[in-house]
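A single chain, nothing else alongside it, follows as structure tokens in the form predicted alone.
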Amino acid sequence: MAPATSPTGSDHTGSRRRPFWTMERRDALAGYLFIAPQLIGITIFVLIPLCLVFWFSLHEWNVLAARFTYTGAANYKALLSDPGLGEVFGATAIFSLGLVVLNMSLALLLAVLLSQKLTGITVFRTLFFSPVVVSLVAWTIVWSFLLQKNGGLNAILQVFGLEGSNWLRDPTTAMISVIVVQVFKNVGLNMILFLAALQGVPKELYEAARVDGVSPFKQFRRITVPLISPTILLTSIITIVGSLQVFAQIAVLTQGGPGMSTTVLVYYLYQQAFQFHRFGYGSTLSIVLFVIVAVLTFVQWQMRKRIVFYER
């Protein structure tokens, strides 16, 4: 039997053409529109500058002479013969390690103490968090006056019969001073993150542990730390990446001195590019910094299977 046809001769037994704007395509378009601002921002302010920095690292750019010369891998070879780079990496490692250990330890301690339900505890939370919202440059300038030879810190020590040091001009104390200033500035941020994580730990677990006679230290080690491990991973990544990007504190407090004792990689990059006008070499150092941050972040993310309790 022949298939039915319309008066115009069209076949009604074939499937009806599917509309172009299906529900799936509308949902996909909505999703793309939502992520478009972020994607455009990352492309313009991250990906394109990163490609340009890599391009600049293959050139020697003399701004004063208006000369832009292709040098290939010459800047990368110069890294291997740079006499100051080893000291810069050492100062960067000391600063990052000291900052991460002190910041996270103090933040977790403060969070545990401030998680108690005591009268006026909100005031102390505000006091410890307030440095986070203070201007970084203003905070650093105030500390530069406090840490001078005749500054406020030494004046306080004299009251107790102690003689202070010239904290920012002594190679032994300069790095410690910079680390402490940075810890006091940002410890409140990690404290708030830890405090939020602690409030999410079920109280029933602590009550059951107390009934079983578990000591407070074991409760902290066996209950608190595992359950806030996602926040520990997050804060460690944020703190480590932030420690590798510190610039304003070094520039205001020590200018990389005494000698090169506080010259971290970011400040050394700035010196090479904007003080010595070696923009090609400065771009090469930027690539090195990017690789270091990417590798450390990747390693930490892979360690989540050992750190985060629900990833095990």
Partner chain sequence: MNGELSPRMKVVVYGLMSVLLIPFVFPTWWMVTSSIKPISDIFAFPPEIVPSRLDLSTYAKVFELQPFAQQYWNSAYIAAVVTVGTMLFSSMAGYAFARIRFPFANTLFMIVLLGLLIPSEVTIVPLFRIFLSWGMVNTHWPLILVPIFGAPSVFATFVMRQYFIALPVELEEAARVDGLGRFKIFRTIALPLARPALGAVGIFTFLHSWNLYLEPIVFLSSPEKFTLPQALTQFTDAYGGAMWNIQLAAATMTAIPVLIVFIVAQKQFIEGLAHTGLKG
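In this text, rigid core is short for the largest set of C-alphas that superpose within 1.5 Å between two forms. For clarity, every value in this text was computed on a predicted model and none was experimentally measured. Positions refer to the first chain, counted from 1.
Keep in mind that the form predicted in complex with the partner chain is missing from the display, and what follows is about it.
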property	result
Contact label in the model of the complex: residue 187 to the partner chain, heavy atom within 4.5 Å	yes
Partner proximity in the model of the complex: residue 76 to the partner chain, non-hydrogen atom cutoff 4.5 Å	no
Contact flag, residue 260 vs the partner chain in the model of the complex, heavy atom cut 4.5 Å	no
Proximity of residue 98 to the partner chain in the model of the complex, heavy atoms at 4.5 Å	no
Listed range touching the partner chain, judged in the model of the complex by heavy atoms within 4.5 Å, from 171-179, 90-98, 187-195, 77-85	187-195
Sequence-ordered list of residues in 125-140 near the partner chain in the model of the complex, where near means a heavy atom within 4.5 Å	125, 126, 127, 128, 129, 130, 131, 132, 133, 134, 135, 136, 137, 138, 139
Threshold 2 Å Cα movement between the shown form and the other one for residue 47, core superposed	no
Residue 275: Cα shift of 2 Å or greater between the shown form and the other one (core-aligned)	no
Residue 29 C-alpha shift between the shown form and the other one of 2 Å or more, rigid core reference	yes
